[in-house]
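Okay, here we've got a single chain as structure tokens, the form predicted on its own, with questions on binding and movement later.
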Amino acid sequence: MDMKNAIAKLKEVDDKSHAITHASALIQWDAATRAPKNSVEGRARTLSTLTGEYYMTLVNDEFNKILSYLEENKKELDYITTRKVEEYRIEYDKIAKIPVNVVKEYSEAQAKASAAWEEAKNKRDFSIFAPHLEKVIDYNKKFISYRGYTKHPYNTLLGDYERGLTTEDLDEFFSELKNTIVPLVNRINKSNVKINTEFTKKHYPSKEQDKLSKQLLHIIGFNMDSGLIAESEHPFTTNFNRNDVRITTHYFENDLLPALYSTLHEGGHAIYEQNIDEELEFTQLCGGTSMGIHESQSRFFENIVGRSYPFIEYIFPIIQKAFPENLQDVTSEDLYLAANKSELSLIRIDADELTYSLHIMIRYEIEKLLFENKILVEDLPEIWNQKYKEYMGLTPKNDAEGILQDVHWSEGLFGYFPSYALGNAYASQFKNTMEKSINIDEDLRNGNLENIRKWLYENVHKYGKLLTPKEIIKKATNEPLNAKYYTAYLEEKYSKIYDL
């Protein structure tokens, strides 16, 4: 084997693995947006076959030898190729320990679980989803046994979304957040400030909301020539390549705010993917470096931009023009307060910035218990409701607003939820550094996001997976992840809103 041949073979794997994931993602996009109800079985079989093809593309003696050769001669490689080899080795080691038939079976089980979840949520009946969820969890436990773990079985899954993340890290991180959030929530509950949200609950036709969503995406810099927006039960972003990034939102005709902010959230994810350097296109490095960093971008556009007063001041006339009758007696200040009203709630995606992390803590604690084998799937609705009573003082009326509200578990995304809370912390730290060179408020007041996007491109987006999360945060802010910026941001913002 020579270097030229090894690098050519690496590119072949890049091309083939990208083609397979592209095809799989297209099928999953179709499933979430427009596929007929009875298409589940055929889709599951196709995805199972594609998953097997992906497995065999990576897990074979030839590719293992190519990786080993390149690793042994890494001094001769440029940095991009070195990082590609590192990423492929991580992926190889992750899946090579799992038999291909198990991987294919799991893919089929996932597809069926996602369809069962949607039916169960619509019918508000966890029992429809429970047997599918049990299978998905059992497969993930098998994967942990194949792959091994350090200290805690859940660490293996956490590391898939944020490399090196452990339950010890998260216990400390969530403890720090809890020590700020819970007292702040208690002070807000005693505040005399009352925020009116009645005007957001009027009739807002989906068609007009869709037009508004597209305007907002344009304002924040989403390239509609390289992406599109559709509607799904649960909002998400998928990227086939940097010139084909698609998002979904969900319109509620009796509430203005959910689609507005889910669109900004998914738009943040999408802008990240569209802005990855062209040199990384169609390679293992063309994607967000971790789910925590990815969530930092969605939460940045949703909250730090979207829920800021200067930005709301800018977009309010646009929103008012879309719904003149509903908003004729409303001001930008009214919308700002309504968008930032803090109250304990049952639904994670509708939660305000302050209480959002409490929702994540609940999911983290439940997932930890599942992989410690301390609870059963049949007990999940009761445990979920108990934790919402403990953290929020609220009890879901039905499974749809309780245990079934999130799609993630049907897709096997265990270890994913903590990324949302980490994303908030990353985003606040980025903001703190960005403010030293950019007048963020002034730019947002003028609807000018060019300086913000340029900073994010230079410090986060363009690198894709070329840099690790730890390298990104250190390079961008000159220090490791520090939750104090997030807690300070929450304290300052909500103290002003509620006159604390």
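Computed from a predicted model, the values in this text were never measured in an experiment. Just count from 1 along the sequence shown to find any residue number.
What comes next is about the form predicted in complex with another copy of the chain, which is not displayed.
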Give a yes or no on whether each residue among 30, 45 and 243 has a heavy atom within 4.5 Å of another copy of the chain in the predicted complex. yes
As a check of understanding, the residue in 225, 78, 172, 329 with any heavy atom within 4.5 Å of another copy of the chain in the predicted complex should be identified as 225
From the list 432, 68, 60, 49, which entry has a heavy atom within 4.5 Å of another copy of the chain in the predicted complex? 49
Indicate whether residue 491 is a 4.5 Å heavy atom neighbour of another copy of the chain in the predicted complex. no
4.5 Å heavy atom contact, residue 53 to another copy of the chain in the predicted complex: yes
is_contact(residue 230, another copy of the chain) in the predicted complex, heavy atom dist at most 4.5 Å: yes
Answer for residue 446 alone: is it within 4.5 Å of another copy of the chain in the predicted complex, judged on heavy atom distances? no
Counting only non-hydrogen atoms, which stretch in 31-39, 60-68, 462-470, 437-445 is within 4.5 Å of another copy of the chain in the predicted complex? 31-39
Of the residues spanning 282-297, the ones with some heavy atom within 4.5 Å of another copy of the chain in the predicted complex are 282
